[in-house]
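Encoded as structure tokens, the following chain is the form predicted alone, with no partner shown.
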Amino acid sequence: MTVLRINSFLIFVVVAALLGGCRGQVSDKAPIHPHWNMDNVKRFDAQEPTDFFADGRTSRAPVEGTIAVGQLREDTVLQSGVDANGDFVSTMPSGIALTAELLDRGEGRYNIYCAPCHDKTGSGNGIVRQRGFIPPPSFQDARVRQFPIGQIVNAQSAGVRTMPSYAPQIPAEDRWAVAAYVRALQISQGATLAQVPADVAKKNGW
């Protein structure tokens, strides 16, 4: 019985040693590597030169006319705030409703991308003034208050003077949300009682 126990213990030690020897090995190979020939495929690092192409570049430009899925920007009103005649539109495009949710979205995007220059009230006293940059005009300027909403969208899409285009950062629908919020900022600084809905005015005793 003692011999059996000793033999069992020795077998356990041997098995444990074998299993332990399988742990801790470092390898850059997957556990199963069926395609060894892929290890020998010629590859290039980014910006590495090559004599395969006439221009000597391995990084290739997209095929001319290539458009990513969802990036076909045929709707000029939605994308840039102008109609087929190139005039700024004065109404929201179809499919975008002026709602509280849209204004909330516009406020969020405005505070991220616009407030550094225009400040949160639209006065143009953002932090850029402190850094010596030319400040933008106030949204309350009579000239700016007359802008069609499409012009506010176009400023974001194409840029204007020292303001760059924000089209890469702000999707088209969000640019309309920002424009709607800018219009709300303009109204907030010069609203009259006549612009307050009758039920709201009555509820507040106005």
Ligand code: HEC
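Nothing here was measured: the structure is a model prediction, and the numbers come from that model. Just count from 1 along the sequence shown to find any residue number.
FYI, the form predicted together with this ligand isn't displayed, but the following is about it.
Just one of Ile134, Ala97, Ile127, Leu72 comes within 4.5 Å of this ligand in the predicted bound form, counting any heavy atom, and that one is Ile134.
Although the partner is absent here, Gln151 is a contact residue: one of its heavy atoms lies within 4.5 angstroms of this ligand in the predicted bound form. In the predicted bound form, this ligand stays beyond 4.5 Å of every heavy atom belonging to Leu78.
Although the partner is absent here, Arg143 sits close enough that one of its heavy atoms falls within 4.5 Å of this ligand in the predicted bound form.
Within this chain, Arg161 lines the site of this ligand in the predicted bound form, having a heavy atom no more than 4.5 Å away. Taking a 4.5 Å heavy atom cutoff to this ligand in the predicted bound form, the contacting residues in 93 to 120 are Tyr113, Cys114, Cys117, His118.
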